[in-house]
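The chain below stands alone and is given as structure tokens, in the form predicted on its own.
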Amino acid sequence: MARISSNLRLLGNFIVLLLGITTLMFFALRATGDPIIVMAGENASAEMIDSLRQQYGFDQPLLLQYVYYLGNVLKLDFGASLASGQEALPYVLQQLPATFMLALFGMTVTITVSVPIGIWLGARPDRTGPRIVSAAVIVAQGLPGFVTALILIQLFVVKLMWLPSLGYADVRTWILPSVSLASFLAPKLIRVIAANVSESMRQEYIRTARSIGMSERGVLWREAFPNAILGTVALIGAQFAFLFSGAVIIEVLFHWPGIGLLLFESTQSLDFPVLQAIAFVIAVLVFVVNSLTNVAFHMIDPRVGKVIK
């Protein structure tokens, strides 16, 4: 019964989230401007504009538009793109694999860099080397990812001409966007891992492990790190969820054909159906990632999983 109740509560939260996001997007977008004027162009006649409003239903009262909109959302129908004429949701889903791959590459680089550095800093916080690196990490955390991206483009594309800066063609086009994302995410993850490891190294079970003759490497990797990983899993899940909506600037800079680039282009053209579909897809993805993070919590420590539920 407890499990059924938990699942029903999770489903209820999901429904409330989607209803809130779709409602907010509907009214917020209509406060930004008139997409029909953008669509028709500067030289369009009043008759043409009125005809387009009737064609796309923008001549109806706002509340009536909202009722029709909710009814269509229940059928996963967001209408056709005002810019391309394609069905909005399938159009957005076509861009999803590229965004997912970029998020996966970015998190892979982030974790690969952050785990060893964070453990090293946490295990030796009072030494000169780790202090210098910790200071550098703090500085890096305040540096926006797009600044790093611009520096990387200037160095590796313009000056050295080693890597391409645009597209989604082969492995070489994945390097700069992934490193740019990691440069933004890694500093915070490094600091969390370092703090967790440092706290674990002061616990009683560490002294017990040392007293029975366990090596420092064994103490660090077999005792301290597993107990420090719990908070890190939460942050990794949050960062991965963030990448589905927060990588817009990186996708635009590298012309990466994902949801972020589509979001930017659709915002410029006030393409309401596509923007609403993007918000819906991102909300679903964030909810799924957060739910999987909770599952990971439960697998690592069932006591925490019970608290979360």
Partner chain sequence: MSARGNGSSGLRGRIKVPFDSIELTLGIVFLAIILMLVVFRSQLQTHDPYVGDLLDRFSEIGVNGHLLGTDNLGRDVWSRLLEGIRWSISAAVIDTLVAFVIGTFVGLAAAQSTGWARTILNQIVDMALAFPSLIIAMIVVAVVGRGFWPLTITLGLVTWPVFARIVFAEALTLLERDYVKASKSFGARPLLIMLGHILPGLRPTLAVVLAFHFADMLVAESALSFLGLGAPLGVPTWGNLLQESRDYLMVAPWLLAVPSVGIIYTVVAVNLIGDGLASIARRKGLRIDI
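Residue numbers count along the first chain shown, from 1. Quick caveat, the model's predicted, so the values are computed rather than measured.
The same protein also has a form predicted together with the partner chain, omitted here; what follows describes it.
Contact annotation for the candidate site: L104, P125 and R202 all lie away from the partner chain in the predicted complex (no heavy atom within 4.5 Å). In the predicted complex, at least one heavy atom of Q141 sits within 4.5 Å of a heavy atom of the partner chain.
Contact annotation for L24: at least one heavy atom lies within 4.5 Å of the partner chain in the predicted complex. Looking at F58, you'd find every heavy atom of it more than 4.5 angstroms from the partner chain in the predicted complex.
L74 falls outside the set of residues with a heavy atom inside 4.5 Å of the partner chain in the predicted complex. Only one of 109-117, 174-182, 77-85, 149-157 lies within 4.5 Å of the partner chain in the predicted complex by heavy atoms, and it is 149-157.
Along 227-245, one residue reaches a heavy atom to within 4.5 Å of the partner chain in the predicted complex: S245.
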